[in-house]
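Only one chain is shown below, in structure tokens, and it's the form predicted alone.
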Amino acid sequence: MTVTPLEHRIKARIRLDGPMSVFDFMGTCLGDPEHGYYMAREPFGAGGDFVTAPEVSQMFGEVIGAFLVETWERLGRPAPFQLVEFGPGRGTLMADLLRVARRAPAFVAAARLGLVETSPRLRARQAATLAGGPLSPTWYAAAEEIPAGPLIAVANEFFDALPIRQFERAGDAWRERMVGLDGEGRLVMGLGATALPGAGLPERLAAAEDGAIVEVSPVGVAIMAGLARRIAAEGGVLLAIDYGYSGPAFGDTFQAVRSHTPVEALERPGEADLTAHVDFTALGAAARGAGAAVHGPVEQGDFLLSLGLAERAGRLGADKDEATRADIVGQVERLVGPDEMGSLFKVMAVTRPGVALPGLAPTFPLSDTRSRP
């Protein structure tokens, strides 16, 4: 089997420094400046490795846009404010969102568009997608770079791509899972010397069976805490949408996808998307600890339907032929179906305490927005 350039580099590092944590392996595979997955590949869409909700249907971004405009109204119409997307992909979600938001000129006039993206290649793709739109974006490498002021932000499939640490129960200790080399020089998973301290462990960890795995996302928790602290102080909302669960839970969710097919996570580093399911309980705890209020999580299907997705689909297909209407129905099913994205994906929002968010169909209408060209 052909060895990727990044695999050569990872193996050389392991030979020199010893096994690397899952955290370091995941971060290297996704973010290496030269050979990292998001730096060197086109991950999105039918021709890539996976399809996100904005790529499934324009209706996803339109509903999110209506939600954010309605939320801006409820926040007292702050002006100016930072309109930010974390992990904007090809810019599809933001383009659909802004197409709806243009019908609220005061929202657009007050918005300062920012995109948190580290990949130069994806930044260029986002610029092309948003060219000619109502707002010109500024790119940031990290949340800390976003200018001060009220923040209205969306993070769709962002937290799942942040590196995780894994610990496995081995006898009386929880040892960190590491990536090393076997006798034939192949990448393999094993256990390292680093262990969670035995004293003071939560009861659920102390009672776990041998071989149980627990995952933590230190970067995700830190980002959430920082954003929540800012929102509590300066106002705004963060809408996080991702596949995940309400913890605590045991299990190995570290996974890889290439060409829309699950593959071994250690196979061909840099050429597959690596993700892990998001622990929304941990994110919510981080936000509350920073002084913010947490709304949800709720299932994506319930969220989108409560905000008028079905009605939008009906309007979008009203003057279309039968084949197009059938395609729209299929898009809705993909977004909200319990066996599709509807149940697996969760939605959580963070605001200042005392802010009420739209829970039913928003007052901001969708009926007159056009289809994508």
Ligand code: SAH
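Heads up: residue numbers just count along the shown sequence, starting at 1. Remember, it's a predicted structure, so these values are computed and weren't measured experimentally.
This next part talks about the form predicted together with the named molecule, which is not shown.
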Partner-free chain; cross-checking the named molecule in the predicted bound form, the single residue of Leu122, Ala232, Leu130, Val214 with a heavy atom within 4.5 Å is Leu122
Though the named molecule is not shown, can you say which of Pro137, Pro297, Gly87, Gly270 has a heavy atom within 4.5 Å of it in the predicted bound form?
-> Gly87
Any idea which of 287 to 295, 243 to 251, 151 to 159, 261 to 269 reaches within 4.5 Å of the named molecule in the predicted bound form, heavy atoms considered?
-> 151 to 159
Touches the named molecule in the predicted bound form: Ser57 (any heavy atom, 4.5 Å) = no
Taking heavy atoms and a 4.5 Å cut-off, does Ala141 contact the named molecule in the predicted bound form?
-> yes
Partner contact for Thr118 in the predicted bound form: the named molecule, 4.5 angstroms, heavy atom | yes
The named molecule contact in the predicted bound form: Thr52, any heavy atom under 4.5 Å | yes
